[in-house]
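Here's a solo chain for you in structure tokens, the form predicted alone.
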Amino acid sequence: MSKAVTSLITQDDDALQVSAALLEVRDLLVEFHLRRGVVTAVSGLSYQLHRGETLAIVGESGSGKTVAAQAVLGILTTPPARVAGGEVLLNGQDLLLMSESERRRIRGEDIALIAQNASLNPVFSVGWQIAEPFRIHRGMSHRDSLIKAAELLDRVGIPAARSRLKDYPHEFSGGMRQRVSIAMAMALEPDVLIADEPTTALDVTIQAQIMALLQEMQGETGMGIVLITHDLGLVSEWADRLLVMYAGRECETGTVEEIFAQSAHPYTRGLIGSIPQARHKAGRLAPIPGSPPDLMQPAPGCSFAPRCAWAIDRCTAERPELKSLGSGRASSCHRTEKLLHVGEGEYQRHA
């Protein structure tokens, strides 16, 4: 694990001054306008990503992780989806203010996506798909673009890369297809890579190989990585910082070490508590009770309160704001201070 965070943080009175970010998301708001009403899938999400840094975004299915990534990439442009507010600054330029033609120029060149489940087109050869960015963005000939495609396949560990350019996605294993997706995303060496569940459905050996490959490329290019995942074990080993989402909102953020050592939000504690531990050879895991809320009809107060053993009356009446805890750490819980002084044993007894 690199932990290669190169941003400089200095203290000026009570404000934190952070060095220029590769990617900065400010108060992102994403809605889905349906016949039954409006679903607010992402509500006021903000984060920064710096050069050489891996930021993990975690949360249950439906928490807004993938929708937020699609909004950042500018691919939520058709109804019922609507980016209703916020800013997405890539190297200082607001992607949300760009035309679609400008966004197409940026995608792949400056920001790229590894989609879930190795999203490859089944009717085109792997070589043709990897070579496409070179033809479109670099104006290369078909022959020269295929040479670059072969180099990329070799770089991501595909044996006999040149001979496999004419093969189709179904002729590759799941792990190999994921490597092809990485090759496509890394073709133009983007500044920012969004990896959306890059190791889904892969065995642990292949997972480790994929993550090691991403880390190696990050070391070579200095790119920032946004890692979207359900796998907190993966996060603990490979990420620098962690952002936890629930019901479209950020509920906790900080370094991986800080949050795993002493999380400041009950939802984060629940997620971490669901990870199998080698020292616990018997007994059941502790699941988070209940179900995620209905985002079309959000209840007042904290969205997590109905599932939280630590909830008090204030939690069901007043929505907690995201509160800075210093040094880039924040939590949106009315009982953050209490949680930070409660050991895991006492927390579990209370829960």
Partner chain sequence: MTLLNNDQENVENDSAEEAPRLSLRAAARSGPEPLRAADGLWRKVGHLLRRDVLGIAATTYLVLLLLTTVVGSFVLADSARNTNLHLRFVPPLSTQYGWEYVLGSDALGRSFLAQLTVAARTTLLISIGAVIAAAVVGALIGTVVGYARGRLDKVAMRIADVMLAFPSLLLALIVLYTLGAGLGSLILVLALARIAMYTRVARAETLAVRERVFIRASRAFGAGSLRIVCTQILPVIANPLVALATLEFALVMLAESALSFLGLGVHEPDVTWGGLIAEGRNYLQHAWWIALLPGLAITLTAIATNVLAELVRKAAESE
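As the structure is a computational prediction, the values presented were derived from the model and not from experiment. Positions refer to the first chain, counted from 1.
Omitted from view is the form predicted together with the partner chain, to which the following refers.
For the options 195, 247, 223, 176, the residue carrying a heavy atom within 4.5 angstroms of the partner chain in the model of the complex is 176. This chain appears without its partner; in the model of the complex, the one residue of 275, 212, 160, 204 with a heavy atom within 4.5 Å of the partner chain is 160. Looking at the partner chain in the model of the complex, residues 269, 301 and 332 place no heavy atom within 4.5 Å of it.
Among residues of the shown chain, residue 132 is one whose heavy atoms approach the partner chain to within 4.5 Å in the model of the complex. Of the heavy atoms in residue 104, some are within 4.5 Å of the partner chain in the model of the complex. Within 4.5 Å of some heavy atom of the partner chain in the model of the complex lies at least one heavy atom of residue 128. Of the heavy atoms in residue 260, none are within 4.5 Å of the partner chain in the model of the complex. Checking 161-169, 249-257, 146-154, 89-97 against the partner chain in the model of the complex, the stretch whose residues place heavy atoms within 4.5 Å of it is 161-169. Contacts of stretch 218-243 with the partner chain in the model of the complex, defined by any heavy atom lying within 4.5 Å, are made by none of its residues.
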